[in-house]
Structures are given as C-alpha cells and as structure tokens.
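Okay, here we've got a single chain as structure tokens, the form predicted alone, with questions on binding and movement later.
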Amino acid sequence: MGKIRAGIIGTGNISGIYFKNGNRFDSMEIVACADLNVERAREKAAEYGVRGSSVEELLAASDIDMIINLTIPQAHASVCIQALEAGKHVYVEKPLSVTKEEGRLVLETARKRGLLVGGAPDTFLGGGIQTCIKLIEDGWIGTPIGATAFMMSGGHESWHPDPEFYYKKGGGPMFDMGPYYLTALVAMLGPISRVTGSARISFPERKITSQPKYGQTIQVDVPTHVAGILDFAAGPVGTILTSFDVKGGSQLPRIEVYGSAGTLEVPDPNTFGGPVRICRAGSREWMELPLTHGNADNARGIGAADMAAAILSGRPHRASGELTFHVLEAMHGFHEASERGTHYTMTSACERPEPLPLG
C-alpha cells in the first residue's frame, strides 16, 4: 500500500507536533508546507526536511493528495474550500469553521468534489478514550445513563503571549476546549439530539498579565462561562461546563460516564493516554485499569493518518467532517439556547466513530 502525500498549510506553533508525528504512520507522509508568511514556511520546511512554498504553490502542486489545515480558526473554512476546489482532501484543526453556515459549505463542497474532509480533535483515538469505549461496549458499567464534563479554567491572559483571540468570535471556553470534550462524549455515547444551556460574560474586560502585552485590556465579546445539557440520541443525558472564569481553581473531574452497573472516570480528553478508572455498582473502590489500546503518547495527527488510510482503502474515516460539524453545531446550540431561552434541536447527525481495533 502506498502513502498519501500531505502538505501542511499554517506553520504556527501547533504545526511542530504534526511534522514530528506525520511520518510515524504507515498511511501518510508530510512532504511540503506553506504559510501566508512564506519565509516562516521555508524555515519550518528546512527544520523538518520538506519543501516550503506559498499557499498558492502548494495548492497547485500535483504531488499533494491531502492538505492539513492548521491556520487560525477564522481561516479554516476558506482554506478548506480552496483545498477542496484544488482537488485535495483536507484535514483541519478544530473547529471545522467559525459558523455553522461555513461548516455546511465545507461539507457540501467536499461532497460535490468527491473528496474527504476530516478534523481535529483526534485525541479520542488515543489509548485512553479508546479504552473507555471498549469498557462501555463490553458492559463494564452496564447501560449508559448519563455523563458529566468539566473544563474549568481562569482564562489565558495570565500565560498566553497573545490571548485576545480567545475572547473574540470563534473563541471562548466552549469553542476553545469544548471540541475535545464533546468529541469524546460522541465517540463514547453517540450523536446528540438536542441541547440547552446558559452562558454569560462574567468579566466584560480582562487585563493581560503575560508578556509581551502585559497591562493591555481585552474587550470580551463571547460567553466565558457556559453550562450546557445534552440529550444523546441513544438516551443518556449529559451535562457540560466550560469556563474561563474560575479564579480560585477547581477539583472537578474532566469526564465521568454513569451506567446502570457502575461509573467510568474518563481521562483528560485533551490528552491521548490515561488514567482510566472505574467504580462498579455496590463498591466504593475505584480501580485503575490498564489501557487496551496504544497511541497513549502525544499522537496528534493520528486522525489525519486514519483519514489517509481511509482514502487508500475506501472505508469510512473516524475523525470525519460529519463528526466535526456535529460538534460545531452543538457548541453553537448551547449559545443559541441561552440567548433564546429554549432547547436547540440538532439538525445534523453523525455515526459514532468505529472504535480502533485492539493492537
């Protein structure tokens, strides 16, 4: 079997792990990169032994089968559409797009062109969450009844060198970190049928205390504390709380799944590994279980590699465009439900991603 030849567009900080991991998988190899800043692209290309170019040159290249889109969120949809119109499959960092309308356009363009779209996060393909999926499927906690998910933080202005984006359209705790939590929940419990929630801007202005913009003020445009409820199509009811407003720390778990025969403690969905713990009905003892699957290290890029394998074999890919759009719609749903004081009924559906085989 050959390899899918991939090119990266967007050579910022996150590109490093994609370059490092890009050639560890049998299905793809990264051969080129591009950036609006062509000089930066050429520096990354020299560092990782690939060729660097302008975005236009990369999209026109005949030896590129797939684009890995690592641009800023506001550019995700436009770059995806450019890549698809150039005849390339595309895998994009989260979120799929900033708006639902852009996300639908990306998927429709791919359908018309007969090409695949995939997207991050792919952490659910790591050993930690794949082990949780295996435990649920094997009946360790009985029938899933509900789940909770918590991402509690004080915000990014105390450590990030340029934190303003996180408080503008496309930012906020739900759009920044929600994709990890929601994707993990869908991977374990299946698609979401409706959501509701409440959201607020707790601090309309925030002061940057990190360098190099220490002392500058950020005007906050998006909700920074979002509490949501999810009805899954299969029956479980979930709650999710994402916040940039927790100034005193939190001891809440990341994710728990509750079943008729026990509770499953799911590891941080922003990581690929464990620990995975379970408490069976009738017991107060928590057991840590060994991981059933590999890729428990930082395997970022495994979703793109799985998509490359799908292109070669014709099977469905797991970190699919339909999954990323479903998560995008749910995130908007929480905000819209809060604004309207109602439930938001999902218009999209997706298949629960096929679990990875053991080994």
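Everything numeric in this text was worked out from a predicted model, so none of it was measured. For every residue, the number given is its place in the sequence shown, counted from 1.
Not on display, but discussed next: the form predicted in complex with a small molecule.
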Name the single residue among Ala296, Leu36, Leu312, Ala60 that comes within 4.5 Å of the small molecule in the model of the complex, judging by heavy atoms.
Leu36
Contact residue in the model of the complex, chosen from Thr71, Thr109, Thr263, Thr196 - any heavy atom within 4.5 Å of the small molecule:
Thr71
With the partner left out of view, is Ala32 within 4.5 angstroms of the small molecule in the model of the complex by any non-hydrogen atom?
no
At 4.5 Å between heavy atoms, is Arg51 in contact with the small molecule in the model of the complex?
no
So in the model of the complex, is the small molecule close enough to Met66 to count as touching (4.5 Å, heavy atoms)?
no
May I ask you to check whether His89 falls inside a 4.5 Å heavy atom distance of the small molecule in the model of the complex?
no
Can you check 226-234, 91-99, 187-195, 248-256 and let me know which stretch has heavy atoms within 4.5 Å of the small molecule in the model of the complex?
91-99
